[in-house]
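Here you'll find one protein chain in two forms, each presented separately as structure tokens under the names structure 1 and structure 2.
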Structure 1
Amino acid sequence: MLPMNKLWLGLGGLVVAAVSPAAMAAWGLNMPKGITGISRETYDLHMLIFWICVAIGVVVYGVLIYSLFAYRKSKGAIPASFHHSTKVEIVWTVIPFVILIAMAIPSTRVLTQIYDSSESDLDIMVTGYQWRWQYRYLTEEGEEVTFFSNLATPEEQIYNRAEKGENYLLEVDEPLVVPANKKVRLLLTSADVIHSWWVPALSVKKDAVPGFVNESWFNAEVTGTYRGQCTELCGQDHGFMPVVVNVVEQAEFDAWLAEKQAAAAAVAELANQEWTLDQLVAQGQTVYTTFCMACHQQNGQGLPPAFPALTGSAIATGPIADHVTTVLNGRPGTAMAAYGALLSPVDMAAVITYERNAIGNNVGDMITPVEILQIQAAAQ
């Protein structure tokens, strides 16, 4: 079962990497050059320091290897007796110091650029959740566009029951969309634990800290899709919260944003539609998979004690009002978050109906989006 050819490929890669920097990119061995001015500067800095290290390495390892061959006892080497030289010590203190200054100058220049987030064209709030990203476009006018970006890779692929797709674990249901050649400023925060938002091609990695806001920015020069991941351990599904950014032309971005704004307006509309139990269950399955499954599991059995089972539970099979309250407001002091502010009334109604009529439950009742709206209003 061990694919030896892959192993040799990998070992071959090591050798290639050691001899040829040009081959690094092709083998996916080196940092990507990226598509922003900062990412290219960072890459150049990285390579500069890499080559300085190589040069120092050649000298140090050269002397070391020469000594190991030239001064062997087995070849009758007689040890010299010198063991001290202030002059030499000073020389090899000063020379590295000078090299360090040479490194510090370009590093300082790049860092200063990275910290200049002024005069942005577009501001986006990025909020980390366990385990998804939320993007909010801070536009001055029009309906606010807010959406979650969830891992789109199906569980079958993760558990090796299906062939893995090309962008395995690096694909989302809704990517972040930004215009090309515009300064996009990100405001990062988190709703729970610390996350970190990273897209290598943009050379942006910044922590999202609960209660605090960080900022970063990029100016993507090439359209396309760029992928990254959360890089701060944030719990169970830390490895499963990718970042996908679509860089598009300004006109395309404007159209996309207008469409999203219209869709946001339409959500309220949708809530007033007639819904059947089957429709809600079907819609609810998607919502469940996205928001509930990580903890309560696909079959509703949960992961006790932290994440209780829904199948046969008092909440999911008891009075529907309690069920709604739990999902809307969460359970303080437990891992159960409040979804009232996160889910639309449609999704809220759908997932509750789903939980009562699937995953091993068969209560037979349902709740409509309108009723959810009423419950939220009634609390007033």
Structure 2
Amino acid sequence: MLPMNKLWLGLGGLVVAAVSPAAMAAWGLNMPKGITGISRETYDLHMLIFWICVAIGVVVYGVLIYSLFAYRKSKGAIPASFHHSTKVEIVWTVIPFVILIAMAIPSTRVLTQIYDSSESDLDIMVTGYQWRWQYRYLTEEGEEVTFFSNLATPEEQIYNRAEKGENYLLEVDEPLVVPANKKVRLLLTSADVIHSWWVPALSVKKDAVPGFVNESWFNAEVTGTYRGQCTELCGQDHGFMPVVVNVVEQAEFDAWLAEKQAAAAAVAELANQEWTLDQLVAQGQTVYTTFCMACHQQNGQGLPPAFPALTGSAIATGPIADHVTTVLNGRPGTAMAAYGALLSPVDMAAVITYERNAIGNNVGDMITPVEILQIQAAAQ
């Protein structure tokens, strides 16, 4: 057993750690005020309802505690014998009704604003996938911008082989970028299961449901980086599906959008270039790490029976046409999703070639982006 002085020292250390500023910041219980007008109004409404509930609690429990002491049996209190009081029933009906009306008026005003997504300056389609977000900027002019936002926390941190970073599980390779002081409308849907897009600082939390398009909006007034997560239990990697939003000035956003449009045009041109097997394998490794590794694992051994191994499998070592069909269209009734709409022809050809010539496989064949384009055109 520990000596008493060491025991008390240890307990004291725990208390100091618990009340330290860093610990207190991590244990914040109230909702944030946020950086949008709606988020502040939501916070004010929350605090108004909270204090109304506190006042009701004080009155109810105050009367209860007073009654317990003032009318206790030891003081000779005799209970009343009446069974009905019209005045009391009117009072306890009217007072709650007035309180509810007082709460409903500001609530209705805020909810009306939350659901008013009209007259937006920028529309973005948000599609949830297991386990990443796809953002598509619906611009009226210029090249359309579409990209995926994937978890960027290194695997070494997740499996405790390295020290965890400041934004552990809340960092992505491609954040959503929006201009400050502009109304951004989000059109949310899902390609597989129900997800939920949530960023507390923006006061946005909206489900992404397969087959439906939900709407939400925000107008960020302060530049910076704001983080959130998927808040719907969407599968084994639910906790690895963060949301990161970068709010920038309009000029910086315009430059970023132009750069993305140019990159999209460059990717389209790459599909028509000549590719060697080594080039496709190198490109495919990046694609595999981003889209395939969570299920099939880094070494291709998978997690049977839900996620079968690719190493030595009939798909990865058999006819390449079957491999292409599986990756393009998925396999109904299994966890294998269709990647035809997710990957560019270059990435599609690269990851298929990589799976056939890496992770323990050495088939020696390849498929080019041009061939992927031809297969997709024939299927339409």
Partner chain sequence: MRRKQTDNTQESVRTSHLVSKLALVVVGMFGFGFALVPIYDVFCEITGLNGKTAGRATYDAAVVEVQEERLVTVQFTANNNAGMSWQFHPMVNQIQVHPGELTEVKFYARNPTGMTMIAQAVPSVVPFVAADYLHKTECFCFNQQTLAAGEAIEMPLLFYIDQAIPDGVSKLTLSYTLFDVTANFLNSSSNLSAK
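Small disclaimer: the values here were computed from a predicted structure and weren't measured. C-alpha atoms forming the largest set that superposes within 1.5 Å between two forms make up the rigid core. For numbering, take structure 1's sequence and count from 1.
Q: Do you reckon the form predicted alone is 1 or 2?
A: It is the second structure (the form predicted alone) rather than the first.
Q: V244: after superposing the rigid core, is there a C-alpha shift of 2 Å or more between structures 1 and 2?
A: V244 C-alpha, core-superposed: shift of less than 2 Å.
Q: Aligning on the rigid core, do we see the C-alpha of G34 shift 2 angstroms or more between structures 1 and 2?
A: Not so; G34 is displaced by less than 2 Å.
Q: Relative to the superposed rigid core, does the CA atom of V324 travel 2 Å or more between structures 1 and 2?
A: V324: C-alpha displaced by 2 Å or more between structures 1 and 2.
Q: Taking the rigid core as the frame of reference, how far in Å is the Cα of D347 displaced between structures 1 and 2?
A: Once the two forms are fitted on their core, the shift reads 2.8 Å.
Q: By how many angstrom does K73 shift at its CA between structures 1 and 2 when the core is held fixed?
A: Its C-alpha moves by 6.6 Å once the cores are overlaid.
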